[in-house]
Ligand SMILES: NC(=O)c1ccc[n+]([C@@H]2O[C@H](COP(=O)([O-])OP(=O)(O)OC[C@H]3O[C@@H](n4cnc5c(N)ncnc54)[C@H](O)[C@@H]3O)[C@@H](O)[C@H]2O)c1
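This document starts with one chain, in the form predicted alone, laid out as structure tokens.
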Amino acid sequence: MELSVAPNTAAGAWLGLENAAVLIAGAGGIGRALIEGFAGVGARVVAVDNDAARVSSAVEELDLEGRGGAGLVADLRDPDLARNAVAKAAERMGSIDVFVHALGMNDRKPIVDYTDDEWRTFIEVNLNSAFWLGQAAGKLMCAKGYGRQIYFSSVAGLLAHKHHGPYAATKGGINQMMRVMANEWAMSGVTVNALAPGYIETPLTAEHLKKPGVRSALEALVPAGRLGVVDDVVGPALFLASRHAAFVTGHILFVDGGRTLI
């Protein structure tokens, strides 16, 4: 989605997202698609990532600053830097209505081959950043009496895929963390949900999909007969962030072409 024209304010008004203040953690792959999707319905978006090039690309190509948003560069594995990013986003936009966590890493190999440092890095990138950011955004949302939080989980948080040990552990952790958040914050008008994609074609999966036989083997596991693309997750994210999902909380929505059915 290129935002060379004005955002679809009619769609934004119907969703209740026109001029909404949205903080998105992650500006590559799925994160970039989400930034485009929310900006495309007239939301103000602050994008935060540790990759300055990705942030700069989103800010310049999507005119985030001109539309009331911004780009932030921060190592979100650090609790102080993560909380500071939330504070800066709230200062820029006046509040945070929607928070989306779309950060993640994976490195596929047998459990016995992971080092201690690799395990710690998975926890820091995939799970710690979600906690630090979500906690800080949750405090602001609960005080305001309104908010939407969306965390990107994975089918790996449910299925016992080989060579996904630390990744699956962190995604399972996200599932339970968001359920507790949803329970604690429901009375404050804050919903917390997760999207669990199946195999989505992103830079995170590109090298793995190039290996001989991998793509066809994975496609065979999906009843829909194809792998997902980043746009497949944008619509579900917009729904969970919208006024229409006010009574949906603590839910894990699988976006997987039926992968978890078999």
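Quantities reported herein were computed from a predicted structural model and do not represent experimental measurements. From 1 onward, residues are counted along the sequence shown.
Quick note: we don't show the form predicted in complex with the ligand, though the next part is all about it.
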{"property": "Interface membership of F99, the ligand in the predicted complex, 4.5 Å heavy atom rule", "result": "no"}
{"property": "Distance check, Y167 to the ligand in the predicted complex, heavy atom within 4.5 Å", "result": "yes"}
{"property": "Contact test in the predicted complex: L76 vs the ligand, heavy atoms, 4.5 Å", "result": "yes"}
{"property": "I150, heavy atom within 4.5 angstroms of the ligand in the predicted complex", "result": "no"}
{"property": "Partner-facing stretch of 134 to 142, 87 to 95, 67 to 75, 111 to 119, counted where any non-hydrogen atom is within 4.5 angstroms of the ligand in the predicted complex", "result": "67 to 75"}
{"property": "Non-hydrogen atom within 4.5 angstroms of the ligand in the predicted complex for each of G104, Y199 and T205", "result": "yes"}
{"property": "Contact set, 29 to 58 vs the ligand in the predicted complex - heavy atom within 4.5 angstroms", "result": "G29, I30, G31, D49, N50, D51, R54"}
